[in-house]
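The data below hold one chain only, encoded as structure tokens and taken in the form predicted alone.
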């Protein structure tokens, strides 16, 4: 490809609404352009990256025995009503009516559509197992689209669904997909971790997220260096603390303290001169329309996904100030667990606490030396606090490490949730009709592109892994008007293309510095600079990732480029 013909409108400045590196650099580098909130044009450079990601995904999915299909984007409401998700998936689902007033949705995922296909065509155990996948567009009306391709309303996704005669075979395929995903992300040049995860709205018995490690990631994970345990903070389990034998002997007399205008944990800590871990905060939630209270240590935050899972509810939200006052008769900011008329749950972090501070139940007051069991009763202790690192590993007890990450893949063992609801059955060897056991496996293709940038960039631009770079090599003649430079550049460009190396030549009549900045910004792994050494057949090679530069004879360049591409 010639740069003079390439549609790659690079920019010097980042857009005002871009918050993270991938959003800024993909726009500056001419990979994407914003159409509306959460909607993007993908330009030629971005399209090349996406197609290369898809190529790796297809090769590994096919290698694993999956078969590709193309499913409709429009989903009839009847299928989602069958599964029970039409009214519970949420406002992210984009619904509309056709000209006949029939209800449809733009597919956010495809469990219903694929289950409908298989139930119509597969009747016997002899036709199982089956793993079908597609790569296509998905639609989710995010409440707050942000971070460019990270959280968009329209995106490209690979989603696969497997169907089995037995639970054992479904688990075999689950781990087959686990290994397949590991190969995919290794080939894509990403540093990632596979972590235990919550199954969310998709459902199923267990799941793993594949997270690209990046400081800007919205996802949070913990892992153990000793035993290898890893999980998202939504799923990570904390060890239930042991109850001190002499706990009651340590109780002190409860004491009311005047704390004027002091509401927040930090303020209480400073005012009373005690650490935040000696304070307990009370939160009021509405879970599936019913109120409950949750007590948690002051230096901890609630992981609401875990709380939702523990309570086995579909909808969970914090109560409004009006609801809090109506339910408790207490002012917000001074809520006390004493005398509550709603069920009280407490996080594991409360179990070993003795003589701690809680709200006083009336404005401008707190209570010192409060103790559960004596002063108030707890319905149940639950594991719902968010991990921050340093907690004990639930498998071996070693301290857990905390990282941020970007979810790029998710696999689920679904079981029979959808097949039972939608009548996807088969006849087994004994002639008995049974529901198919299912699995589900997704990869966010456009999100992978953004995640790769979040993990590999510097002050000059993107640093693509060679497997998914828009071009593997860029040939940069420093002066296209000089015959020797132009001729050698064209010769090198031709030879690299003949060898199947994806190459761009910057044949623009522009200053060398301008070309170098574009090459760094776009992030092409290898730069071949043809300049003053051209008369002697010498060129300069720059490795984008390391910044390393060295001179190479043009006659030896091909071998050197092939060698370098294996390393970057």
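Remember, it's a predicted structure, so these values are computed and weren't measured experimentally. Here the rigid core means the biggest group of C-alpha atoms that line up within 1.5 Å when the two forms are laid on top of each other. Residue numbers count along the first chain shown, from 1.
What comes next is about the form predicted together with the RNA, which does not appear here.
Trainee: Pick the stretch from 158 to 166, 262 to 270, 226 to 234, 189 to 197 whose residues have a heavy atom within 4.5 Å of the RNA in the model of the complex.
Mentor: Correct option: 262 to 270.
Trainee: Looking at 333, 394, 415, 291 here, can you tell me which has any non-hydrogen atom within 4.5 angstroms of the RNA in the model of the complex?
Mentor: That would be 333.
Trainee: Whether residue 62 contacts the RNA in the model of the complex should be assessed with a 4.5 Å heavy atom distance threshold; does it?
Mentor: Residue-level check for residue 62: no, no contact with the RNA.
Trainee: Taking the RNA as it sits in the model of the complex, is residue 553 in contact with it (heavy atom to heavy atom, 4.5 Å or less)?
Mentor: Heavy-atom contact with the RNA at 4.5 Å: absent for residue 553.
Trainee: Decide whether residue 28 counts as a contact residue for the RNA in the model of the complex under a heavy atom distance cut-off of 4.5 Å.
Mentor: Close contact exists here: in the model of the complex, residue 28 approaches the RNA to within 4.5 Å, heavy atoms only.
Trainee: Can any non-hydrogen atom of residue 318 be found within 4.5 angstroms of the RNA in the model of the complex?
Mentor: Contact check for residue 318: yes, within 4.5 Å of the RNA in the model of the complex.
Trainee: Considering only 460 to 491, what residues come within 4.5 Å of the RNA in the model of the complex, judged by heavy atoms?
Mentor: Sequence-ordered list: 478, 479, 481.
Trainee: Return yes or no for residue 366: a CA shift of at least 2 Å between this form and the one not shown, with the rigid core superposed?
Mentor: Yes, its C-alpha moves 2 Å or more.
Trainee: Using a superposition on the rigid core, decide whether the Cα position of residue 295 changes by 2 angstroms or more between this form and the one not shown.
Mentor: Yes.
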